[in-house]
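A single chain, nothing else alongside it, follows as structure tokens in the form predicted on its own.
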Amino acid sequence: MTDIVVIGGGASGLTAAIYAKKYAPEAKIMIAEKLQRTGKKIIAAGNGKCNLSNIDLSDQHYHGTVDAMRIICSMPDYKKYFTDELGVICTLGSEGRTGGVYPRSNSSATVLSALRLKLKRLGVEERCDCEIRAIKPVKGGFILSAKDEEIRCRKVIVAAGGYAGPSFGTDGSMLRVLKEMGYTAGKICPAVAPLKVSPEDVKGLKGVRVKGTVSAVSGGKILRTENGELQFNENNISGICVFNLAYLYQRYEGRLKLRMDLYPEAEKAELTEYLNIIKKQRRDLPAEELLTGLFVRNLAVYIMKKASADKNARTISQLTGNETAKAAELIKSLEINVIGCSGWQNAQVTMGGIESSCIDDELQSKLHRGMYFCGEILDTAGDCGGYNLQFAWSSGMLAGMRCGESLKGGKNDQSK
């Protein structure tokens, strides 16, 4: 019988196995990974650079019923884990202002290699092409059903991820198994993802990028505001600033808008004054040229079409004061309705997952003792910028530690 089986060989699962072995050195530990190789999602993290943490860790960057910061603060930080334990030198990324932490090699392969080397040295078995399709609690442990075998174990750590990035093996199948076992999950929704809008609302803007401020708004109330580059596509709006608002779609579906300030450097009155100056400079040019000194042409034309009461061809001198004011208003407060969230293939993380009511403070199941959870399978979603990987490492540490300790006959050992 295997002592501990970790279901899922991603960031949290690999870390959970390392820490379980650290706290139960004699235990037989196995990682069951459905893909042909562990760590595929780690390789893709941070566009291949592996944004593994952030120096600005706080509650405001996490969303869901599970208290991510309590877990993170109780575990070793990224320096102690990656540098002291795994030998990976870390540094702030090229966008140091964001607080993102990366391996100095600037390669996610460095991180995965260090994790796998550690597991090999510890003697942890990696069994790939092993998809766990059912978990059956039995006396003394669990029976895990895979395609062609049954695996008996004393303890289980579920680190199988959510729905985001199905090409990395995270297709939500384990969440479905857990729901059948009686676990409660929050409403499932893509997070850290583009937000869908009506193609008609962004007609002509495909490929436009503009720096600005974007707010998520519902019922006239601003829910959250982010700064950064907005990217327009034919049926969605993306960019890190939008990604960090996507989790709100879970709660405000059908009642969510994006309000964008496309020129936050100036107040509305100052912008209006600038437009009046441009009107004099370009008075004989077509009306669509009013904003081409401020924005790329596609965006300039888009705004002027919305601002103009008369759709016939006119010169800038023929624009009314109200139309100029309308253009300034659209620049400072362009609102577009959100009609959905991007598909799972474009989402970085899952909003929703096993709720905090199902687990104790040590990430052990309240329904089945001896079963632990970590990573994206839990109801916590972090912002873009290393927050989700940090939660994966920290929750993996805690689940692995407590699971390993329980093998020694501690208070949580229900296998006897």
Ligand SMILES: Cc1cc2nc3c(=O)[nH]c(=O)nc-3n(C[C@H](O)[C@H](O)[C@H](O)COP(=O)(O)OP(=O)(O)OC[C@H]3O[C@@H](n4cnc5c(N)ncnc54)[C@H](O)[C@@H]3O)c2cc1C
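Here the structure is a predicted model, which is why all the values come from computation and not from measurement. Sequential numbering from 1, following the sequence displayed.
There is another form of the same protein, the form predicted together with the ligand; it is not shown, and what comes next is about it.
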Looking at the partner-bound form in the predicted bound form, is residue 169 within 4.5 Å of the ligand by any heavy atom? yes
Please tell me whether any heavy atom belonging to residue 258 falls inside 4.5 Å of a heavy atom of the ligand, as the geometry stands in the predicted bound form. no
With a 4.5 Å heavy atom cut-off, would you call residue 44 a contact of the ligand in the predicted bound form? yes
Do residue 388 and the ligand share at least one heavy atom pair within 4.5 Å in the predicted bound form? yes
Does every residue of 216, 245 and 339 put a non-hydrogen atom within 4.5 angstroms of the ligand in the predicted bound form? no
Can you check 123 to 131, 74 to 82, 275 to 283, 197 to 205 and let me know which stretch has heavy atoms within 4.5 Å of the ligand in the predicted bound form? 123 to 131
Determine the residues of 20 to 37 with a heavy atom within 4.5 Å of the ligand in the predicted bound form and present them in sequence order; the list may be empty. 32, 33, 34, 35
